[in-house]
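Before any questions on binding or motion, here is one chain by itself as structure tokens, the form predicted alone.
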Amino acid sequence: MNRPALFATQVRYVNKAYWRNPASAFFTFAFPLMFLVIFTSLLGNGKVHIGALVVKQSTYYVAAMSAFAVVTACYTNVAMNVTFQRDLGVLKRIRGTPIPSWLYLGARVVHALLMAVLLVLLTTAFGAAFYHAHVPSGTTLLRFLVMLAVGAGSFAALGFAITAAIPNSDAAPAVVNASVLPLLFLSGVFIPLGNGTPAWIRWIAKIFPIWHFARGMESGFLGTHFSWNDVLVVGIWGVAGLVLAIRHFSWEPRV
């Protein structure tokens, strides 16, 4: 079997394995929508000031929860699932097959990207139907898709990288959530950052990729200024994650 066909087969395998765990798949798709409903019910009647633009808070959360969905699918899920498979010895057995290592890891990245696209489509449709959210189109759509693709790939690479810091599957939820939840708050995903937000919070948030990814998603949904620097920062973090994953990724359970 040639490499493209083998890669496609591996992607199908990862996809089948994913959907054979319906509880995990359900909550991956349910969490963004659940948080969207909760936040808009509690805070959706307000207004959010983004520079000179004023948008309804309910519309703001459609963009924010789309960003959250991508981070969940490509970072949180990849890190936890790979750690569980490592500790169960699945990765060790895969490493012993003729399948190249890069092909298996690449298939997981592609699957994460497909799940991210599906989640964004679902969140967009839900937001457009119930909260009259703007749907990206034209040039805005193209830039939005670029940010989505770069963000999905980068967060998946970071998901592989963080597994090196996870000692075992029992510690996976704690380590992964500790590394991402504070940044979701600091980056304005869960709570919009107003003009009165302390400068040190913005300064810290801008170091990490979630801030820049969320700004890129906002530009598609809300019509705010799109900056290629945001794409660049997210991409740099993705390359750094890939380098760390190549150097420290473990295929065998930790002793």
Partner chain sequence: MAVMDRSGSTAVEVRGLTKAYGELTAVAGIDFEIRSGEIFALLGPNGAGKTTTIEILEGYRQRDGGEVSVLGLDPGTQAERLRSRIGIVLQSTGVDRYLTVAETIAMYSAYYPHPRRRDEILELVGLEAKRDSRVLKLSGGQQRRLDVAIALSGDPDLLFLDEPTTGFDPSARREAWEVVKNLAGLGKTVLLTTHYMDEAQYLADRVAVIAGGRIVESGPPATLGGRDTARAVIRFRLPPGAVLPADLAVSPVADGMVELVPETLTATLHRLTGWALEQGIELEDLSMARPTLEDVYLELTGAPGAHHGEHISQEADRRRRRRGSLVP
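Note that the structure is predicted; figures quoted are calculated from it, not measured. Residue numbers count along the first chain shown, from 1.
The next section is about a form of this same protein that is not shown, the form predicted in complex with its partner chain.
Taking 185, 84, 102, 130 one by one, only a single residue has any non-hydrogen atom within 4.5 Å of its partner chain in the predicted complex, and it is 84.
The listed set 118, 141, 149, 88 contains one residue whose heavy atoms approach its partner chain in the predicted complex to within 4.5 Å, identified as 88. When its partner chain is considered in the predicted complex, residue 6 lines it closely, a heavy atom lying within 4.5 Å.
Interface membership of residue 20, defined by any non-hydrogen atom within 4.5 Å of its partner chain in the predicted complex, is confirmed. Although the partner is absent from this view, residue 94 contacts its partner chain in the predicted complex, with a non-hydrogen atom inside 4.5 angstroms. With a 4.5 Å cutoff on heavy atoms, residue 247 does not count as touching its partner chain in the predicted complex; it lies far away. Annotated contact segment (heavy atom within 4.5 Å of its partner chain in the predicted complex): 94-102, selected among 94-102, 150-158, 175-183, 110-118. Along 4-19, residues 6, 10, 13, 16, 17 each place a heavy atom within 4.5 Å of its partner chain in the predicted complex.
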